[in-house]
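Take a look at this single chain in structure tokens; it is the form predicted on its own.
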């Protein structure tokens, strides 16, 4: 969950570290630190709070050096405090470690190390790594100090249980940084006479697009002019770097006050980029011929959070368009249940980052049960894309705001495209239906542009309701998951109580929480369920709710005396309507949070990429 940036080169590393931490702050922001090798000594500056607080302290102390590490923390073990901030050192103080993830066996390791005389200064699991390395550096046979460090890291990894990535700086190997990972991201940025280590590409993207993704168990050593990669046994290996095609401008705010609002407005382009895939021969993505697709009879979709809501809609898509039985589960639950081995079955994992620990664990379980695996993911080279057999990339660029928006709608169009191709391949839909539906899919970016023009209307609405203590969202069929997503967005960024329900269920209990003035948002395009949704409007309004209907033009004409406020979105086909319906709810959440003065891009207790259980 933490963000880490390392630099070694010919220039002062401090500006690189601070800038990288600012770009990684979405991964954690309760404390931060930088540590620089200056004149053969490690200089450390740490602070509680956001990177801006750290920057003030760095300006006062003015450290300088050409090799250093930076860390921004999201606390898992130990409260946010200066003592628990990274880096953590061994007993000598000559070796520092920063870490992202969780060491599951840290208590037993700590007891063992304390019995050997090691003194601990923090409550963190990270400090275990520093003391283990200190111990192992004394007991490995090596040709020189660099070789000693590599072998000590390999030995340390064997003792650790959990998911982690950690980075090491040692005074006896100056101008060198080491890193290793298991189920947590670690990427190398390759520059000219300078190299980077980081948790995520945006940390160094403005300096280089040439990257090397480190695999689980591997150890990487970077110097200003060289990179060495080793397997888990410490044997040197090679791998070609890849080029990242993200534009640096895409990770800037572009004139918007917050990344969340920028990314809401990025959605038309994100959809367009995601849909630039091969219409013909889509089976190549799955590496299945038509015969293989015809045999496919079971699909499981696993995801967490917002991606789980996309998965719920994907179930409707695949079952209706492809006629394949589809099951959706929270990845955090799926990985711990009994799973019947399967053939001719596909497991789909959805994740923006490709680093979500629960999703990785769930898809590994599916692989072991015989499922083919497909990732729907936004980050090339991420752990999920390397674990799955096949990948459908959502080309929506970096998503910085913790609250996901453009990744969600890109996942929906990816799922719809996938369902169409599956349905055409297995004969469930005709060629004519496929062409018509794909044309509707391609029209979504333009329709999304129209929806974004509703921002002023939604913004004005929030003046009336932002102080209310609770918000309710209702939907049916494909719009039921949008009700869940609308509620989640409000909770994430405004901290208000918000609940999403299937509209048909309100009379089975939820209607009891409606009070006079309670805002109820009802997703009700003019479709085959419209009349049933009208009844839901009337039921809520009769109990004093302030009813806001999100509907299409044809529906708006019928709701003039039924809803208190009508938000009219463009019309598309029934299955694709959620892609447009969710946008006013994203804008709603943003402006409620804005009026309440919340930290929109960095909601409390949340991090962008949940890389621990």
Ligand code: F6R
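Residue numbers count along the first chain shown, from 1. These figures come from a predicted structure and were not determined experimentally.
Omitted here: the form predicted together with this ligand. The next part is about that form.
Although the partner is absent here, residue 305 is a contact residue: one of its heavy atoms lies within 4.5 angstroms of this ligand in the predicted bound form.
When contacts are judged by a 4.5 Å heavy atom cut-off, residue 100 does not count as touching this ligand in the predicted bound form. By the criterion of a heavy atom within 4.5 Å, residue 489 is counted among the residues contacting this ligand in the predicted bound form.
Residue 403 belongs to the set of residues with a heavy atom inside 4.5 Å of this ligand in the predicted bound form. Across the options 496 to 504, 148 to 156, 481 to 489, 108 to 116, residues that bring heavy atoms within 4.5 Å of this ligand in the predicted bound form belong to 481 to 489. 351 is the sole member of 351, 267, 126, 394 with a non-hydrogen atom lying within 4.5 angstroms of this ligand in the predicted bound form.
The partner is absent here, but in the predicted bound form a heavy atom of 356, alone among 409, 356, 199, 195, sits within 4.5 Å of this ligand.
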